[in-house]
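Below sits a lone chain in structure tokens, taken as the form predicted alone.
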Amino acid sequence: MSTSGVGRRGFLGYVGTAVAGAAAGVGGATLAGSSGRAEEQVPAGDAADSSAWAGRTIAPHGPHQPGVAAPAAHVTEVVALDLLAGTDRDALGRLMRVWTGDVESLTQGRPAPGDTAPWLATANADLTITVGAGPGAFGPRRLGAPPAGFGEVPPMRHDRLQERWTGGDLVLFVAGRDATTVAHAVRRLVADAAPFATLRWRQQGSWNGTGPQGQPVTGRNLFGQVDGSANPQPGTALFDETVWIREGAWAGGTTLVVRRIRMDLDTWDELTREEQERSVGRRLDDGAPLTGSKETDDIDLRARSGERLVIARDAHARRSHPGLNGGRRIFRKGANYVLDTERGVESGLVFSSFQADLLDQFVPIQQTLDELDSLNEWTTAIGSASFAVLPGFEPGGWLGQSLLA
């Protein structure tokens, strides 16, 4: 059985029983508060208990980059860069060594080498920095061959992609507890990349994965839907099967799709609650499927009320469900955004999908959603980019060492 992919609306919430319609939340969420101990660190393998990630300094080392399995952060910035024409394999290696030093320092609350604002380096900030490579970074002059199953997402019928949010040769996925720490890390990383690459786009969003009593919750998108209920949980065999590349030079890495999804909140608000829930296949108040009683219940695709399917044929939860997609799954994260533009206020979701095989997981699910998903009426992908996330590194090593050394 193959793992899974995402779909246009799927980018909204497929993975398994697909969460409410806008996709993107992580199953676990960070808790508020601080450990108060800068030296206390959470290794990558402890992500299954999301409460362990709250207010911590997260160790950057391990077989996988720890930011992938970490719960959706309160603040996320995804940054794409384009390599300069002269940036070859050797230059890429130099950049990765520089970024490795930045990652090791900034995530531990220490200023990066040459930092012009060292007081902005903050410990216990849940900061993770994840690095990946886009299609332009591959080839004999650079990273060599991409991992099996990597490629660009083909155009979807409902896409309206804008160049300003699409593509990229490198990606930085920077996430943490507050916007100041995240923005400072992005600024340092982009500045240190200047001899090798230029900024292409930068997207920021927020996510609330903390409940009223400080407990971890799934979180909601701007449609008000609980988003991310069916994500495979870090630390489980299902998560490992879904996310991690297992063989070859890319073992320990994964693939990432970033989709910028514009959401039409005005027309969505014109719907009745029943119409909104029918379009998704889940209840708005608690995220439970219309065939269940709690958020974690799986969807019953065959349940009927008289002659009518309880989960409609075009409901997002049905279209993104593994049962309709050959068992395919993905691991998704989301970040809500609101942006002032020349045409008015734009609201939406920066949706990120992690999977071992992009072409066999994400793409088929996305195509299923593009074909028939009621949420296509209120969501539009306006940006799309594909990246291969580098394997993790150990102390004394560096990002991409297995590929560039």
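It should be emphasised that the depicted structure is a prediction, and the values quoted were computed from it without experimental measurement. Note that residue numbering begins at 1 and tracks the sequence as displayed.
Beyond what is shown, the protein has a form predicted together with a small molecule; the following relates to that form.
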| item | value |
| --- | --- |
| Heavy atom of each of Asn221, Gly228 and Phe351 within 4.5 Å of the small molecule in the predicted bound form | yes |
| Contact of Ile261 with the small molecule in the predicted bound form (heavy atom, 4.5 Å) | yes |
| Proximity of Pro322 to the small molecule in the predicted bound form, heavy atoms at 4.5 Å | yes |
| Contact of Lys333 with the small molecule in the predicted bound form (heavy atom, 4.5 Å) | no |
| Partner contact for Gln65 in the predicted bound form: the small molecule, 4.5 angstroms, heavy atom | no |
| Options 325-333, 305-313, 166-174, 133-141; stretch whose heavy atom lies within 4.5 Å of the small molecule in the predicted bound form | 325-333 |
